[in-house]
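Below sits a lone chain in structure tokens, taken as the form predicted on its own.
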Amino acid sequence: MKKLALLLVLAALVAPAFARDVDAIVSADWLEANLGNERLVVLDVRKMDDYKAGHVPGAVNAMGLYMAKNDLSNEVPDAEDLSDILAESGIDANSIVVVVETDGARFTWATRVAWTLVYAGVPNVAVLDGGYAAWTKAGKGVATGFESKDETEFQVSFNAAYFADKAYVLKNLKKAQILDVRAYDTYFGLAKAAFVAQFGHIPGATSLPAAWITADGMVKPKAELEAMVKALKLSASKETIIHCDSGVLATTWWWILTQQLGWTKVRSYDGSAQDISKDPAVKFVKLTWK
């Protein structure tokens, strides 16, 4: 019995950080069926005017969950500011949060918010598949105006294992599995965002475009996503860093790999190419797939 008890304790200690009470991607049907759950917070992150014109009943609206900071376009707010936003939205560490964006084309922005919440210490977060467009297309009920929830006392507790900055990337450049989730032409060096200093990609990075995740505005089946990762011979056991241009697209594959496929060693590089391409010591490579 003592041996069995010890094994159970050890199993608990190594339990995956991605254990959750809600799927990473939820449908309009699931959301409708769970609107009465006291733990549920539907977080609508569309523009205020769009939210007020029509939203999932009971949803609250929040902005400011990513921001320009330190000459970078899309960064996590300071802990104090983020704590205030989440607490005022009625969110705490026990909440089940469903992030609602406009539609499937905004999936990347939904995962950016979802990643921020999980990174901030809210473990049970989901993204509404297809966004608000899927909700209305399914003929679900709609509310208008402004709604709110009781404010909580939530304080952000960042999970450092989900985050990479430039110092971490440089330290692990030659040993980590680096995934570039931008479009093929950008990765290959034929095009680039104006705010990125160099054409091409970080040496050794593997191309895994964020655009592969969705089709017709909906997230592809889990088996298809797993097949893509397997085809590229990526390893769940290897330290993985995901980047894009400014830290938004990166969260799409971070979300799929960690929250849906169960990978536990994945970090999203918040500053991404916008940050590291400024460093003259880092020479991006062009016209090559590695």
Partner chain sequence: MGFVVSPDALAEDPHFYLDCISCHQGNQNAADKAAAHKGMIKRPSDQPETSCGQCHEAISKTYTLALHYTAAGMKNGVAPRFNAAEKKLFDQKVFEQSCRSCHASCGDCHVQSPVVSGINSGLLDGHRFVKADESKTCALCHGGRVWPEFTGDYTGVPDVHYRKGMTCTDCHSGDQFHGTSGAASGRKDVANRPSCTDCHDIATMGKDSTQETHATHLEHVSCSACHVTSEYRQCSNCHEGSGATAKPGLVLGKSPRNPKELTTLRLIPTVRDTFKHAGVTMSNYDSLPNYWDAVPHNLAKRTDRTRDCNACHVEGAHYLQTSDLPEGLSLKNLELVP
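Positions refer to the first chain, counted from 1. These figures come from a predicted structure and were not determined experimentally.
Keep in mind that the form predicted in complex with the partner chain is missing from the display, and what follows is about it.
Within this chain, P221 is remote from the site of the partner chain in the predicted bound form, having no heavy atom within 4.5 Å. A residue is said to contact a partner when one of its heavy atoms sits within 4.5 Å of a partner heavy atom; V113 fails this definition for the partner chain in the predicted bound form, lying far away. Although the partner is absent here, G36 lies well away from the partner chain in the predicted bound form, with no heavy atom inside 4.5 Å. Using a 4.5 angstroms limit between non-hydrogen atoms, D81 touches the partner chain in the predicted bound form.
Partner contacts here mean any heavy atom within 4.5 Å of the partner chain in the predicted bound form, and among 98 to 106, 72 to 80, 194 to 202, 167 to 175 they occur only in 72 to 80.
A heavy atom within 4.5 Å of the partner chain in the predicted bound form is found for exactly one of L234, L261, M63, A227: M63. In the predicted bound form, the partner chain lies within 4.5 angstroms of a heavy atom of only one residue of 138 to 156, namely F146.
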